[in-house]
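Just the one chain here, the form predicted alone, laid out as structure tokens.
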Amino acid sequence: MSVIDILTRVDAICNKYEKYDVEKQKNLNVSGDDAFARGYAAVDAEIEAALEKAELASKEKSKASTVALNAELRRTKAKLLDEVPKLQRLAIKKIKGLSTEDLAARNDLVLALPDRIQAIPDGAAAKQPGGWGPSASHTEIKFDSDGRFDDEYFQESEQSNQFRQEYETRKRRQDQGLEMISEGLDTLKNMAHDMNEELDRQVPLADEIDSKVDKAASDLKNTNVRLKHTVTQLRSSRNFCIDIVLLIIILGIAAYLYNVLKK
């Protein structure tokens, strides 16, 4: 087989399976009116972001931060699973310019979404669909019971009793802490309600005080104006009296001088 034949066969295979290319489907008609392309691109981007967040949670050393990230991942997974039915309806919708193979490829992409979403690690323990039986990937694991599960086999050991007691104690303490938190929240709620009622009662009083302050300011302004006018009048009357007294003194001095000069 020549190199040209090999290149031809590779090109044919690529053309045949390019409809399963996620990046091509994500970028197909995103700028147009293709609602499926936009929705699938958004979901795919959120899946990638969730995977990055899951990797970050696996490397996080703080237990509290890991729990918070896992809880956020579970909420993200639930939201993405809610978007799958919408994408399924959009995938079968015929759009101008898309062939039957493209529509089939879109349907395959949507069908693969739930598995991709469920594959995002979120810290939850995976449940075996077959109950408590051994895993299919670890069939070499054997039980030491030789198939005998009698009453003696299920008897509790001292270690299991200690573990159960510790579990019950911690659970009881946790319940007590939750009850205390609940009581505190109820107290805060009642205090907030009382404060709200008190504020509602104080609003009319504050409005009345504001009105009285405005009235007092207006009265003070009017009083100042009247007082200024009175002071001005008093000052004018005083000047008139002073002028009369000075005139009398001048006339007296003039009469005295006239009498002295006449003698």
Partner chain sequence: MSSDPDKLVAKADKLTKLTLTRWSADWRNATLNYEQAANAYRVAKKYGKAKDAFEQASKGQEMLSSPWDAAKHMESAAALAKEIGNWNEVADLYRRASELYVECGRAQPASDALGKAARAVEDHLPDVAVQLYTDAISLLEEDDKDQMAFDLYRALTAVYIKLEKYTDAAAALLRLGLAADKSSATNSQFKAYLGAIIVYLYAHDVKAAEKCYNDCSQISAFLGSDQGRCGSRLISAYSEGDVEEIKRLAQSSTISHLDHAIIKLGRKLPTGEVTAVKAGTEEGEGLDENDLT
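Positions refer to the first chain, counted from 1. In this text the structure is predicted, and so the values were computed from the model without any measurement.
The protein also exists as the form predicted in complex with the partner chain; that form is not presented, and the subsequent description refers to it.
Listed residues Arg74, His193, Arg173, Lys86 were compared with the partner chain in the predicted complex; His193 is the one with a heavy atom within 4.5 Å. The contact with the partner chain in the predicted complex, taken as any heavy atom within 4.5 Å, belongs to Asp186 out of Asp186, Asp108, Glu166, Glu101. Site residues Asp219, Val225 and His229 are none of them in contact with the partner chain in the predicted complex, judged by any heavy atom within 4.5 Å. Interface membership of Arg201, defined by any non-hydrogen atom within 4.5 Å of the partner chain in the predicted complex, is confirmed. The shortest heavy atom separation between Glu55 and the partner chain in the predicted complex exceeds 4.5 Å. Though the partner is left out of this view, Glu197 does reach within 4.5 Å of the partner chain in the predicted complex, counting heavy atoms only.
With a 4.5 Å cutoff on heavy atoms, Leu205 counts as touching the partner chain in the predicted complex.
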